[in-house]
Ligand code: HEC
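First, one chain by itself: the form predicted on its own, in structure tokens.
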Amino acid sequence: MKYVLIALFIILALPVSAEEKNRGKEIFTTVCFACHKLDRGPNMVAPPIFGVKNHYLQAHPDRDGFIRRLSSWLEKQDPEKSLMPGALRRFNLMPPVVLTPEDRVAVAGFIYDADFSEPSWYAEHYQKEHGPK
């Protein structure tokens, strides 16, 4: 575990390459997007990615902190460490995702860097769940 944390720290300290950005986008698109779509509807099985990113940015606005926290969640989903208890109540715990540490970092980096437009319904939802921003 100690060496995994050291490797993760080294990976996070390196500049982000175009290859890593592309890998993060590809993994997100093929592994994550099916459940974490941007739209809201009766068939939602997970919170939309905009909401996930919003919650993580509030807790970890800096890129490195955001990536560390989201990568940690992707490694092991622990309800005690969730930043989204409302989503846990609604959708239950996310199933385990099998990704390498490098792939978890790439996905988290892609999510941090991506410009997901705020859905029209999100402000009202957020205020209802959490109060005014």
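In this text, residue numbers run from 1 along the sequence as written. Here the structure is a predicted model, which is why all the values come from computation and not from measurement.
Another form exists, predicted together with ligand HEC; not displayed. Remarks below refer to it.
Of the heavy atoms in residue 43, none are within 4.5 Å of ligand HEC in the predicted complex. Among residues of the shown chain, residue 61 is not one whose heavy atoms approach ligand HEC to within 4.5 Å in the predicted complex. Using a 4.5 Å cutoff between non-hydrogen atoms, residue 92 counts as a contact of ligand HEC in the predicted complex. In the predicted complex, none of the heavy atoms of residue 54 sits within 4.5 Å of a heavy atom of ligand HEC. Three-residue candidate spot 106, 112 and 114; no residue lies within 4.5 angstroms of ligand HEC in the predicted complex by any non-hydrogen atom. Scanning 51-75 for heavy atoms within 4.5 Å of ligand HEC in the predicted complex gives 52, 56, 70, 73, 74 in sequence order.
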